[in-house]
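Only one chain is given next, in structure tokens, and it is the form predicted alone.
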Amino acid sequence: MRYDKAPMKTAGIYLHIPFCTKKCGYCDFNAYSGYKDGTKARYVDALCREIALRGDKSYRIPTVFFGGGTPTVLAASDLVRVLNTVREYFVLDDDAEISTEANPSDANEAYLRTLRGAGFNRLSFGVQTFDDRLLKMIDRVHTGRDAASAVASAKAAGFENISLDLMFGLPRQTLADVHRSLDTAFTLDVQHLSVYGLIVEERTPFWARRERGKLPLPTEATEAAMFAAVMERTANAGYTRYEISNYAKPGYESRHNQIYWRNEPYFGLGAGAAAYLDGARMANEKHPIRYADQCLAGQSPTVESETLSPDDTMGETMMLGLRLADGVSLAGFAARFGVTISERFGEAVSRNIEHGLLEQTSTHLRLTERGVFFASDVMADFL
């Protein structure tokens, strides 16, 4: 008698490196500066221990993403060690997308060659702007020249999938500044751009400065003009907007981030990392020293866990999926949940279509061009 093996489950892997050379004034991520090399080395030991604790070869892993913080504040050998530990305890696809975020000032060619030789095949540089005046205002430690040099080093090291993070709506930033940063990015001829509007988050230095009236932000009208310019100019330069803030040349869309936007499973490893597996959302201890203590003692670092109800999962699937330019698949949603989008969210769909913010094609529900500018309001209707 023949027994077929059950098909392998699929999940991405996110690995959090919580250290930075200097934390930016707008950042509310789980990131810390000022830790010594010994603490960082102990953290790497702990992260490898967590990978061994969480390892699960019943999953097929198509993407691995190192985020932060700034992963490249660690030695290249440390990142390679972590990746090799992932390979030991998980089953990676032969063509897995293996990405790391990187600071331009950390990215010399020898460092990047080490990463490329170990199997990293995608880099995401946190550039934010090429304007040195603005970089200083937002507490970045690199210059515009460093960013351009980092891209050249990455190409020389053999990377063929390079992304740049840019921002608009920064303090004292003008529309002309945004155009100049885009000009430079296009000249560098990278495969992917993530272009985000600044969000001033609570409990950040930028929030405190704004509360004191000391954060000179562009007007809403100027920020909208910046966003419109980004969408128009990236399209003219050969990039397709496949998500609200992400633009790619054909075939270079971030495979890892699409796992999030489609509300699909992923492991989260490292201090403060979140995971979504088997309908449950989990989060690790945030503080890197307490996290390391727990892992090195053989204990689970998970401090929060919540199993989502079907209604919660449907709402999050809509909220995340509407970020994609294609939107949410009508057939895919029905197959996953056993109910159609119109049956579950008919009122919200009708209202947003009537207001010109959503449109329904034969296959998908998606934001209209106007709806992109009001995306947060539309998504809130589905939660």
Partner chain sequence: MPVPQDRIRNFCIIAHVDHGKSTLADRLLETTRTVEMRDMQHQLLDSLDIERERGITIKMAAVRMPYFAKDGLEYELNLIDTPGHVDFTYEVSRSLNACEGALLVVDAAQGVEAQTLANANLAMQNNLEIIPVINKIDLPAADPDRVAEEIENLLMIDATDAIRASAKEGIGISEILEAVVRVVPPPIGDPNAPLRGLVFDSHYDGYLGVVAYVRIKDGSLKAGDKVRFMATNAEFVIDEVGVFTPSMKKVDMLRTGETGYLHAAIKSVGDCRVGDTVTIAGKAGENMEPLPGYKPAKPMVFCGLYPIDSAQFPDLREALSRMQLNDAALSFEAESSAALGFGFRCGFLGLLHMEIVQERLEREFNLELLATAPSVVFKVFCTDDTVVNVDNPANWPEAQKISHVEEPYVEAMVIVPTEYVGTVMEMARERRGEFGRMEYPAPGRVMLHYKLPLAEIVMDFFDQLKSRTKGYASFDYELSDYKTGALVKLDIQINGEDVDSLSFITHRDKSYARGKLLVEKLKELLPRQQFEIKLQAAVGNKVIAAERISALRKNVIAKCYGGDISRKRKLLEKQKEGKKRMKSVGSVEIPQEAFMSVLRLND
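Positions refer to the first chain, counted from 1. Small disclaimer: the values here were computed from a predicted structure and weren't measured.
One more form of this protein exists, namely the form predicted in complex with the partner chain; it is left out here, but the text below deals with it.
Stretch 256 to 264 is the answer when you ask which of 256 to 264, 90 to 98, 73 to 81, 287 to 295 has residues with heavy atoms within 4.5 Å of the partner chain in the predicted bound form. The partner is absent here, but in the predicted bound form a heavy atom of Leu308, alone among Leu308, Met137, Ala229, Leu188, sits within 4.5 Å of the partner chain. Listed residues Leu320, Ala325, Val349, Ala41 were compared with the partner chain in the predicted bound form; Leu320 is the one with a heavy atom within 4.5 Å. Shown here without its partner, the chain carries Glu109, Leu182 and Ala235, none of which come within 4.5 Å of the partner chain in the predicted bound form through any heavy atom. Using a 4.5 angstroms limit between non-hydrogen atoms, Ile199 touches the partner chain in the predicted bound form. Mapping the unseen interface onto this chain, Ile244 counts among the residues with a heavy atom inside 4.5 Å of the partner chain in the predicted bound form. Contact annotation: Leu383 falls within 4.5 Å of the partner chain in the predicted bound form, judged by heavy atom distances.
Contact annotation for Glu220: at least one heavy atom lies within 4.5 Å of the partner chain in the predicted bound form. Shown here without the partner chain, the chain has Asp28, Phe29 in 14 to 32 lying with a heavy atom within 4.5 Å of that partner in the predicted bound form.
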